[in-house]
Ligand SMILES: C[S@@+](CC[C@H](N)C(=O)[O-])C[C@H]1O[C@@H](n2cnc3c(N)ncnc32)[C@H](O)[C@@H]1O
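Below, in structure tokens: the form predicted on its own, a single chain.
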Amino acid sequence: MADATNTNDDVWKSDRMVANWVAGTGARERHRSRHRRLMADLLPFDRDEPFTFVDLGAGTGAATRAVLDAFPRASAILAEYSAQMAAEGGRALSSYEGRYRYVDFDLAQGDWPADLPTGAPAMISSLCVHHLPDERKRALFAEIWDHLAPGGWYFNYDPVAAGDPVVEAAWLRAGDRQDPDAEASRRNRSPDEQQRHENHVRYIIPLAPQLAFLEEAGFEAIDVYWKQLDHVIYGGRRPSGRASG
């Protein structure tokens, strides 16, 4: 889907921007790692069961690593369109050699490459769907449904908008109390950090329409499986025994 206002390339295909983002990964991941582990725990597999899952918009593979740690016989296909992020991911995933491969795929486009399989037992996404316009979110969820096996699950970990200024103020107040450095960080962003922030927030929408997109696509067992302030894990399952639509 063409988007004249798209700024994803300016951030995620820039050597400088990606390097700066990676430099702050440690602090971010200390907070997010338990959320990604919960997303892994939601997958319906035995701990020693072999399966191959797809991580959409995989970036450097943080969500993939959580699943591979939880399921030692699992393997991953990481769909990512930024060569810079995939290169960083190759370094971060060095200890998982033989259990993963990257596939070039831009979530903003609807043309799935042949090396992304249909009939996947599970797909995940983490902190990437919010970068897409609403109509592309809707279309993506339908495409995910089509590429899942009957009974296959999809989970997404992402930020959402409040949709109510009073709620948004409460979220901000609580977040600042939990992280005493948050307000100062907002006030003192570098130019690169400000550019990433503006790219980050422009398409974030409330939770309800995203759940509606899942329902429209045909998912069942749709739920908000975890939520804390503006971050959620939601998802659902493709019903068993239904042909692709």
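Being a predicted model, the structure only gives us computed values, none of them experimental. So that there is no doubt, residue numbering starts at 1 and follows the sequence shown.
What comes next is about the form predicted together with the named molecule, which does not appear here.
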Only hit among 105, 171, 71, 96 for heavy atom within 4.5 Å of the named molecule in the model of the complex is 105
Only one of 217, 62, 211, 43 gets a heavy atom within 4.5 Å of the named molecule in the model of the complex. Which one?
62
At 4.5 Å between heavy atoms, only one of the stretches 115 to 123, 171 to 179, 147 to 155, 130 to 138 reaches the named molecule in the model of the complex; which one is it?
130 to 138
Can residue 100 be called a contact residue for the named molecule in the model of the complex at 4.5 Å between heavy atoms?
no
With a cut-off of 4.5 Å between heavy atoms, is residue 85 one of the residues that contacts the named molecule in the model of the complex?
yes
